[in-house]
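What follows is a single chain, given as structure tokens, in the form predicted alone.
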């Protein structure tokens, strides 16, 4: 339903209708000019040829330093989505199952199904502050379980996993011999401290997926990375070699420039999205919606008792506002996701229309 809503929004726009797009996590802010200029300089310098399928050494070194790992544990991928797909493909292609807490980013489940793996969905609830039930998690693990996928902070709830719960998940995974794939693409711009999966094991027993799309507003550039044990990094590199070969070097140089400016860029983004989150939560609370206050950009996942979010979403689209129904993220029909990725004035208009439509 997430992608269907997007296609309908595009169709309405092509017909001349103004749509405020709050359905995708695509930041409205431009890529910082220093990053664009770094890519241009790289292209002018002739860095437009084939290159290493591991990624450029300088970029890998910078990432390794930032995460406290070795260069051999880092591989560059064309977006974090490809990194997640490659990891799941290599680890799950022979079958087995993966446990995914819900609500969840749709691509995890779709990828598992595409490669013939089974998914076990572990439901969490707003009323319990979206906490993973550790006993329920352990009971779901069986002899065929190969992976647990965490999204921390979470899309669509913008909730950070509290350290105690994360400790418990890692303890269970280690005891059962299960690998955790932790998607932390929103981690560096979270409003609260987010504990990384890498803090548990310097030998990279578990896997980190991350990227440049959200922190550096580089969604269309398609560059991400995986941090894992050397064997998996080597195997992802082999997959790169027979598919994409390498992320263009000029894009990697642009990403390197982003890392050099990381603190400044991340600070600006957090400030902007904290203001938007405050605006959204104030208006939604006044209109009677239930939700958890966002711990990170870009999303709010409100609930209204008795709501059919698919009908609500389609009706909103006719009023010029695109959001995503809760059913796109699991069995959450009374919820919908608002992505605060439009100009401030448009967000305010859209929130007013959302609140009005809920009355």
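Positions refer to the first chain, counted from 1. Keep in mind the model is a prediction, meaning the values are calculated, not measured.
One more form of this protein, predicted together with a small molecule, exists but is not displayed; see below.
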| message | Against the small molecule in the predicted bound form, would residue 80 count as a contact residue? Criterion: heavy atoms within 4.5 Å. | response | yes
| task | Using the partner position in the predicted bound form, report whether residue 274 sits within 4.5 Å of the small molecule, counting heavy atoms only. | result | no
| Does the small molecule come within 4.5 Å of any heavy atom of residue 301 in the predicted bound form? | no
| With the partner left out of view, is residue 280 within 4.5 angstroms of the small molecule in the predicted bound form by any non-hydrogen atom? | no
| note | Partner-free chain; cross-checking the small molecule in the predicted bound form, the single residue of 158, 111, 213, 87 with a heavy atom within 4.5 Å is 213
| query | Which pick from 257, 195, 270, 222 sits with a heavy atom within 4.5 Å of the small molecule in the predicted bound form? | reply | 222
| request: Tell me, please, which stretch of 132-140, 249-257, 213-221, 174-182 lies within 4.5 angstroms of the small molecule in the predicted bound form when heavy atoms are compared? | output: 213-221
